[in-house]
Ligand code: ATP
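For reference, the chain that follows is the form predicted alone, supplied as structure tokens.
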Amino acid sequence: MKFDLKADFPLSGSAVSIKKEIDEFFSDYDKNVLNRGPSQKRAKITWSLCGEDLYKLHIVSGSNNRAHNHLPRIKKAWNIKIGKKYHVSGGKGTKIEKYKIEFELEKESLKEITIPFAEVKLKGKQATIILKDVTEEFLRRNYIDRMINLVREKVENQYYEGKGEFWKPIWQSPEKKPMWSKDPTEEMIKLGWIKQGPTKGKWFYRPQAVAILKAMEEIAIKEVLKPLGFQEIIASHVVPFDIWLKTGHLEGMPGEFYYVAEPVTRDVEKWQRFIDLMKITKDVSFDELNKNLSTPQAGICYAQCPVIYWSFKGKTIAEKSLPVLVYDNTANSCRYESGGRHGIERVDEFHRIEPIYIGTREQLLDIRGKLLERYQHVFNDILDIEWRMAWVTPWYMKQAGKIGDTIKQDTGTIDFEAYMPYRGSRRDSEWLEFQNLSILGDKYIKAFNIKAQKSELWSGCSGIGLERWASAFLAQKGLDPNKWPPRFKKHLKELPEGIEFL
């Protein structure tokens, strides 16, 4: 790597009379600070006086001695050695005229890329970032390292874009004869059990459909979570951006969130014109509305886990409380699916239970095993569906050797998929991912600085989507309660009559 920095270093007074002393200062800094100790590449600083009170600095360095790190050090050393003695301070308002950073990539870029704040040039495996007219504060905030990493990430991503997930089967249930091959969503619409919601990707569930979803909720809690000792909590479902920044959600999927905008004020006078326009036009003036809305700084729940982790932020958990087993069951999760919506199984608003587990590596592996047993019991013995399990990992992680070959691996995600007869044959159709189970290592533990008295902590989650469970069940078992498995009917003895429309 090569760091080539040109900067303006302003002074508080004239340097003409002490130029010799300043030359000695920079020469000494070059020898005893910039080039002190072993280095793969010798660094170099050159300086020149421009007018009476401005020095032009040029610092060239390698990866072990990054040029921008020296600006605050020079400023500090200057004010100790020059400022105090000659009453001429330096470095206030330092401005970077140009900063060129060259570094090697693992692979050649397949196309041009762009990043904020800089020009990016690519030639073979060589990348160059050029910044102009940025402040010293910009450099101090560690943006440079993040920009280098972003270029590398964008190039790496080009090699797995469109390849989807790495998918490795683990286990599959025996084939089971479906009761029908119709789309349950379409049939429930015809029966009046559900109605498409007032906005895209939402549904209105009438009593019959609600009874099915509530049965799934009861099964999940009574047959999976309670036997394992999970305790219910209630989390806020408006999530501030700083939480999503820590979990990585905000940079990973900003196009999938529903954002929350707070009113700027409750003052009736401020809202009067908006109200008056609405009374006259019987319509919403969005231009007027926007005047009284703040810029969003939060979003609606995407998954419950980020806020649950936030609740443990900076806490030290007593050993006797490990493992922590909690779940939230109150959220309406919202995700903007755009063109990917279908039926009640792929929606913008859905209902899910989110179990979170925090403990030692050994405790989490034990919990995963017990959760697998409970899920198998539910899907085999109660719902009696045809399903399978698979390791799923982004393709680039597989290429990097971050995916194991068996269920014995520690971290990662297991997907549970159900055969959907209305989509076609078992072999050729897409199965529905209706459940997952993850161990995430210390990713969120470190992000929120969660500790234990003695142990090293890991965490995991296993979101239970009620619509997904219902879709998998109804696609195979149909809508006739007489054909539903006996053990499921213990949780839903009969469907309500519902509402008859004339």
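Predicted model only: the values in this text are computed from it and were never measured. The first residue of the shown sequence is 1; numbering continues from there.
This next part talks about the form predicted together with the named molecule, which is not shown.
Using a 4.5 Å cutoff between non-hydrogen atoms, residue 68 does not count as a contact of the named molecule in the predicted complex. The named molecule in the predicted complex is not approached by residue 237, whose heavy atoms all lie more than 4.5 angstroms from it. Proximity of residue 434 to the named molecule in the predicted complex falls within the 4.5 Å heavy atom cutoff. Using a 4.5 angstroms threshold between heavy atoms, residue 350 counts as touching the named molecule in the predicted complex.
Remark: of stretches 439-447, 463-471, 28-36, 49-57, the one touching the named molecule in the predicted complex is 463-471 (heavy atom within 4.5 Å). Among the residues 75, 335, 100, 368, the one placing a heavy atom within 4.5 Å of the named molecule in the predicted complex is 335.
Of the residues given (346, 152, 81, 182), 346 alone sits with a heavy atom within 4.5 Å of the named molecule in the predicted complex.
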